[in-house]
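Listed next as structure tokens is one chain, alone, in the form predicted alone.
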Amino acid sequence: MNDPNKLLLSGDEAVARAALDAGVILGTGYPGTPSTEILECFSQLGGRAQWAPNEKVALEVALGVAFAGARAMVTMKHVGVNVAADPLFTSAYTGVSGALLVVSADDPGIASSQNEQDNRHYAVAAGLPMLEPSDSQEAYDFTRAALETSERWKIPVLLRLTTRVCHSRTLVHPRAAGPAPKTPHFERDIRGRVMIPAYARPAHRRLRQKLSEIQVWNETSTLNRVIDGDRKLGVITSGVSYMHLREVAPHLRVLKLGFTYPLPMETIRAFAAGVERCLVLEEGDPYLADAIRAAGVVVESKPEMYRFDELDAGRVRRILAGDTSPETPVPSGKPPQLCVGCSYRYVFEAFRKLDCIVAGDIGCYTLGAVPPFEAIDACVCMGASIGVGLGMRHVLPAEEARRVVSVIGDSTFVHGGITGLVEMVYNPPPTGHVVLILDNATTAMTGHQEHPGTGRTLEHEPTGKLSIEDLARSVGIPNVVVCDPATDKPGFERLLRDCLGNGQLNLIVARRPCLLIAGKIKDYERAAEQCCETLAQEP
């Protein structure tokens, strides 16, 4: 019989629903797979959500909300936490007056990222409590628990998701919404929030005291649970690994950890003592196994070969059997390519024709590195293209240096490229440099989200618009050109050739809306015009 009180939700949708039910006043973040849908869904449900220029700014805004006594949520993918790390670490010292949930959506298996980092290490390094859900119901429950934990101990809390949890759909039974959010109110606390050395030293001690108290509380937390079973082999696990384990070996005794920092070490010790053998099953790094062994508890860990990529039922079955034989290679699928008709294609054809050395960046245009173009020579992180290109320009022989160009997208430029442009003016290479911004009027790779350069909010409503070319001129770039490569391919090649050889600092903005979003952009603009006309007619 269907239960009208249950919903079929993805993990991302469950987090959004929980945040709304728990009274989160503002959700902010930067789009990045697999976290993007959290804020989009939060907005659709009626929550206040907004995209920030990057993850650092998003976290700082959310921290300000939490300083004002309200509940806030900030979302990002795993590499986004690297960008937000500066305020993240210090926020553990300052604490919060309301509540702050920091969502890190990790990408085991590198489905859509540049690395496979395991952000559970951030909880330890920064000193932040961490929860890890296994499915959508837990994504909902743990989101609310994380906000309650944050408010109780006045500390930001990390909710660590993974791609499989974010995008898989399972049934969710929401709880009744909590009480209406408190009216934000500021209370001055200079010693608690101004982290000069004299105030930071005692703040660090307060943080460690909080973590000690949380660890004691976690020993009896219902977020961790024991599933009884065969005691010949006990398994300690967390996150989506638990779901794979239950599918493969439902008969085993299991300690399923939900609150994974600080760890309930006495609970773990007692569990390990109650089984003949104890195995730690986890996706990614041996985070749990290393911590448990460091506490003197004897446990087995998965073989090193299973540290890479996602776990699934088949791989878990092999781990339980101790099978370290070579795995069957996964058949390679069709490699991704730039869309047919994409204006970026003309750019990469020009790079190849002019034999450019290309410092690339994160976005659709990263696909210029694969056949048929193979025209990107480096791609490190958001915004790195400008700095990497400048570094090569500084040291390569002049003839090679003049072939170097940095290519970056509009959203990525706003996210992490602006400081690189300032660096170019401050420390110009002898041969000059060429930065090419591929402006397609959206954040295309993650699903066509807005950014400050589009002039529209997360809900596609009109707002202030950043002019990339005006910004470039204001920081001192002498040669700024806006063009459309698709309308004049030979002209674009001539422009690029001239810029590579003129010895100046050049910024080319190649502007043409993404084909997949051009129609919607016209609809947004038409709606904005109609709104302005209506307002103008009102008395």
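Quick note: we count residues from 1 along the sequence shown, nothing fancier. Every value quoted in this text rests on a predicted model; they were computed, and no experiment measured them.
Note that the form predicted in complex with a small molecule isn't included here; everything after this is about it.
- Checking 249, 468, 445, 418 against the small molecule in the predicted bound form, a heavy atom within 4.5 Å turns up for just one residue: 445.
- Of the residues given (376, 83, 172, 390), 83 alone sits with a heavy atom within 4.5 Å of the small molecule in the predicted bound form.
- Among residues of the shown chain, residue 382 is one whose heavy atoms approach the small molecule to within 4.5 Å in the predicted bound form.
- Residue contact check for residue 156: none of its heavy atoms lie within 4.5 Å of the small molecule in the predicted bound form.
- For the chain shown alone, residue 364 is a contact residue for the small molecule in the predicted bound form, at least one non-hydrogen atom being within 4.5 angstroms.
- Looking at residue 79, you'd find a heavy atom of it within 4.5 angstroms of the small molecule in the predicted bound form.
- Figure note: of the listed segments 31-39, 499-507, 63-71, 474-482, the one touching the small molecule in the predicted bound form, with heavy atoms no more than 4.5 Å away, is 31-39.
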